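Let's start with one chain on its own, the form predicted alone, as structure tokens.
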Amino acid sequence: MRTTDVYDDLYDLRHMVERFFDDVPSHVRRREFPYVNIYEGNDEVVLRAIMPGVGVEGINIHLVDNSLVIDGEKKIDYSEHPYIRKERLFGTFSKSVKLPYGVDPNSINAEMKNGILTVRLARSEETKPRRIEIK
């Protein structure tokens, strides 16, 4: 009779998933554009997306439920002179980021500077922690 440890099964599953993503070709993994960093500040979430070669006119930002969606198009930057080597991807993109809590849709601030999009999302009053008085 064989006993099974659930942790061994989870460990095996984890390695199977890791192997799957290691086998995905690099040109498919790069489709995650834009790359983002998200951090939490004073009652706000700040998202920074690296978007070289994308102008403000090529970006749309939407707040959908509890997610921030960034989509747009990175236009080809050559017309008559084709590349000898091309590693950067062009075309449409879309990225959805789940936010850790509800935000105030009226106080979202977005700014683009030097190819970096910074979006500040203030925490909604309903989701801020409240002190409960003990009687």
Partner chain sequence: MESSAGNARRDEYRREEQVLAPATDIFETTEGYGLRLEMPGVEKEQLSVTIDNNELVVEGKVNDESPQGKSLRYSEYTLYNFYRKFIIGNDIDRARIDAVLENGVLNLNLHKHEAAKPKRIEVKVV
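From a predicted model like this one, the values you see are computed outputs, not experimental measurements. Numbering follows the first chain given and starts at 1.
Missing here is the form predicted in complex with its partner chain; even so, the following discussion is about that form.
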Query raised in the report: Does the trio Tyr39, Val54 and His81 actually contact its partner chain in the model of the complex, every residue with a heavy atom within 4.5 Å?
Result: yes
Report task. Tell me, yes or no, whether His62 is in contact with its partner chain in the model of the complex, where a contact means a heavy atom of each within 4.5 Å. Result -> no
Query raised in the report: Counting only non-hydrogen atoms and a 4.5 angstroms cut-off, does Ile50 reach its partner chain in the model of the complex?
Result: yes
Requested in this report: May I ask you to state whether Ala122 is within 4.5 Å of its partner chain in the model of the complex, using heavy atom distances?
Outcome: no
Query raised in the report: Counting only non-hydrogen atoms and a 4.5 angstroms cut-off, does Pro34 reach its partner chain in the model of the complex?
Result: yes
Query raised in the report: Within 4.5 Å of its partner chain in the model of the complex, heavy atoms considered, which of Ala110, Leu99, Val69, Val46?
Result: Val46
Query - in the model of the complex, residues of 92 to 129 near its partner chain [heavy atom within 4.5 Å] - result: Lys95, Lys113, Asn114, Gly115, Ile116, Arg120
